[in-house]
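Just one chain follows, in the form predicted on its own, and it is written as structure tokens.
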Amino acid sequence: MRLPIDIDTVKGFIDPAEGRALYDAALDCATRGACLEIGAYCGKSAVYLGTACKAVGGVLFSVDHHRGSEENQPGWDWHDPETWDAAAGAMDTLPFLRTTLRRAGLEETVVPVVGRSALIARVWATPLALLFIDGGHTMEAALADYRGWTPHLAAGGVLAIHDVFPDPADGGRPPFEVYQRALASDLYEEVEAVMSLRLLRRV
């Protein structure tokens, strides 16, 4: 894997080992259909996924409202003041994503879709070969992403879920509970676990 930019210069929370797993999954899936991520932030995961998609002529849709997840808001541990838009009185990470895509040469491969995930999922019609869930980490948000988007994942497609922590001391529970829900549905089989990333294949 050779990335087009120094990934350490992009704001984000994906570990390089997790990024490599996403890259490999997209490299395999993007030849069979569209890939989609929920939760772009500033584009770190989009570089991994988008670079793989570009290599095989695929497309990545990147869904985010760009106002930040709960833990990114002012006063929380993961808030970055540079992402605060004083005029809007809210976070705005879209300019950071656009800059990342330009620097990485991915503007013709990664399509930003700006809006609420649940709203977009309601009208989505394109089958997906890969779905990466890394949006809001409240139970409401995580469940909405899972329920809204997994019906669009084609058989044989890969469902990737980030921030899956079996031990509550390591992180929030909603992604882990969504991951367990997927396994309990008998629609998915686990393919790989890399740090907090889980990759499952739809049977």
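It should be emphasised that the depicted structure is a prediction, and the values quoted were computed from it without experimental measurement. Don't overthink the numbering: it's just position in the shown sequence, from 1.
There is another form of this protein, the form predicted in complex with a small molecule, and it is not shown here; the text below is about that form.
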(request) Decide yes or no: are Gly12, Tyr41 and Lys44 jointly within 4.5 Å of the small molecule in the model of the complex, with each residue judged by its heavy atoms? (result) yes
(request) Report whether the minimum heavy atom distance between Pro127 and the small molecule in the model of the complex is within 4.5 Å. (result) no
(request) Determine whether any heavy atom of Gly135 comes within 4.5 Å of a heavy atom of the small molecule in the model of the complex, and answer yes or no. (result) yes
(message) I'd like to check something about Lys54: if you look in the model of the complex, is any of its heavy atoms closer than or equal to 4.5 Å to a heavy atom of the small molecule?
(response) no
(request) May I ask you to check whether Gly115 falls inside a 4.5 Å heavy atom distance of the small molecule in the model of the complex? (result) yes
(message) Just to confirm, with a 4.5 Å cut-off on non-hydrogen atoms, which of Pro174, Gly68, Gly33, Gly148 contacts the small molecule in the model of the complex?
(response) Gly68
(request) Would you point out which of 174-182, 151-159, 44-52, 25-33 contains residues with a non-hydrogen atom within 4.5 Å of the small molecule in the model of the complex? (result) 44-52
